[in-house]
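We begin with a single chain expressed as structure tokens, specifically the form predicted on its own.
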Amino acid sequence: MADTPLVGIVMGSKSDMDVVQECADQLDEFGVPYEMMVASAHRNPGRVHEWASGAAERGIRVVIAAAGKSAHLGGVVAALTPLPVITVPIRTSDLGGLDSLLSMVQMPKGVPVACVAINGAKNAAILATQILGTAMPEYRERMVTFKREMAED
């Protein structure tokens, strides 16, 4: 992307891309620049650490972390960055995503994450844009327009 990314998207596996693409598409619709990568908190912890701990310095303002099964990615990222982290639990074949959801919402004190619905990547993009809109009027205006258009449908 030509602009400095404001949202960092990380997913635990390439298989999460089908869901995460909805997030990227929504951010594109809002004109929000983002970066995206695949890295597992379990299989690539060093890569996750490097990416998350440097996110704020790269200009990222909000992180979206999507993962399934033993979904620790969002919590690990939240432990490594001062930025707000939005988690997306991915539906799994074992427990339908409930395992992912519970891994994300049961964070210890001091390591908060926001959590959207199972496979709720589009809502993660909307929430990220709303967060950006608290300090960036252009994104607040995009959200006002989005909400108005949604109400007209």
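Quick caveat, the model's predicted, so the values are computed rather than measured. So that there is no doubt, residue numbering starts at 1 and follows the sequence shown.
There is another form of the same protein, the form predicted in complex with another copy of the chain; it is not shown, and what comes next is about it.
Among heavy atoms of residue 29, none comes within 4.5 Å of another copy of the chain in the predicted bound form.
For residue 17, no non-hydrogen atom is located within 4.5 Å of another copy of the chain in the predicted bound form, even though that partner is not displayed. Although the partner is absent from this view, residue 117 contacts another copy of the chain in the predicted bound form, with a non-hydrogen atom inside 4.5 angstroms. A residue is said to contact a partner when one of its heavy atoms sits within 4.5 Å of a partner heavy atom; residue 36 fails this definition for another copy of the chain in the predicted bound form, lying far away.
Applying a 4.5 Å heavy atom cutoff to another copy of the chain in the predicted bound form picks out 91, 93, 94, 95, 96, 98, 99, 101, 102, 103, 104, 105, 106, 107, 108, 109, 110, 111, 112, 113, 114, 115, 116, 117, 118, 122, 123 from 86-125, in order along the sequence.
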